[in-house]
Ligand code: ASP
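Encoded as structure tokens, the following chain is the form predicted alone, with no partner shown.
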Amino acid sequence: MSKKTSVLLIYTGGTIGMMQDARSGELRPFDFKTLTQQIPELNKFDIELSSFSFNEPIDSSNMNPEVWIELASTIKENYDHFDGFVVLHGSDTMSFTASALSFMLENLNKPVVLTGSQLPIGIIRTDGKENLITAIEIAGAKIKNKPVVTEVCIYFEYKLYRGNRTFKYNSQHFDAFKSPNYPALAEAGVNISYNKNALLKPNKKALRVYTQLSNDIAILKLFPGISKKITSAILNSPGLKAVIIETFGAGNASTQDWFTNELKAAINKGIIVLNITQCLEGKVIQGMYETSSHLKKIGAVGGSDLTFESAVTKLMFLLGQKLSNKQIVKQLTTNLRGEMS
């Protein structure tokens, strides 16, 4: 007789874990030990559920690398004891956390599914119940005793996405996330239909967890009329190791001498410049137009179709490994966890 599938719920905070006080109407975190009382449908699963809650629930706006390290460490400590993991998280920064975890958990061979909600579970019209129930089902799904999903994902409003391909695009609708440059990994209807060709293939290597991250990065979002004064201030920030430039279209930027010279000076000082597009769909192709050729010539790194969230966390991850700039540039242009085409 095969052992019952086990899933660990990790509650970091966020709307999904809130209940409305009947008297005051205030929202407060509910006790996850009574989860099956709040969602009796969970009793119908043939899955053994356990839960772990952070001591203090974290609003996702306060999410930071220290929490990502705690999450990755929690998964590492429990990796051999559970078949899958569901991380309950606020939706605002969920894509950052999913992207970070994807890089921190190398050789992941079990599902890590992040989910949350736009309305608290205690609200009648909540989207939290369906999101949580289906996330648990996906985390416990197996074929021939092997997990169907072996990567870090986000499940929200009937869609399962690769975590490091997503961004939150809507704060008002239940359908809050998009993955414009990569197809959904699964869709939930009457049944859960998996897109097997889109799923990462498992490997037989042992899980390796990275807990060193560096946030010595800055963002330079371009706009018509950006000043030399502001550009210089960002590129000359003390301790800066890398800067993400959010460019126009397929990686295009101003060809004004001062702008090119500021970037070139930064690169010559050892600062990595990663070029990603402001467009929500498509990718950077440096050299496609004259307005990106100069960036390629001075040594800016083309970020292909990395999302902003993935670019930020991939840089944090790589900078934390104490690699040489040459190694970091090579890794930035290499598809490590399915984050880029």
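All residue numbers are counted from 1 along the displayed sequence. The structure presented is a predicted model; accordingly, all values stated were derived computationally and were not measured.
Keep in mind the form predicted together with this ligand is missing from the figure; the text below concerns it.
Worksheet item: Pick from 228-236, 85-93, 189-197, 252-260: which stretch has non-hydrogen atoms within 4.5 Å of this ligand in the model of the complex?
Response: So the stretch in question is 85-93.
Worksheet item: Asp59: heavy atom within 4.5 Å of this ligand in the model of the complex?
Response: Close contact exists here: in the model of the complex, Asp59 approaches this ligand to within 4.5 Å, heavy atoms only.
Worksheet item: Though only this chain appears here, would Gln118 touch this ligand in the model of the complex if you measure heavy atom gaps against 4.5 Å?
Response: Gln118 belongs to the contact set for this ligand.
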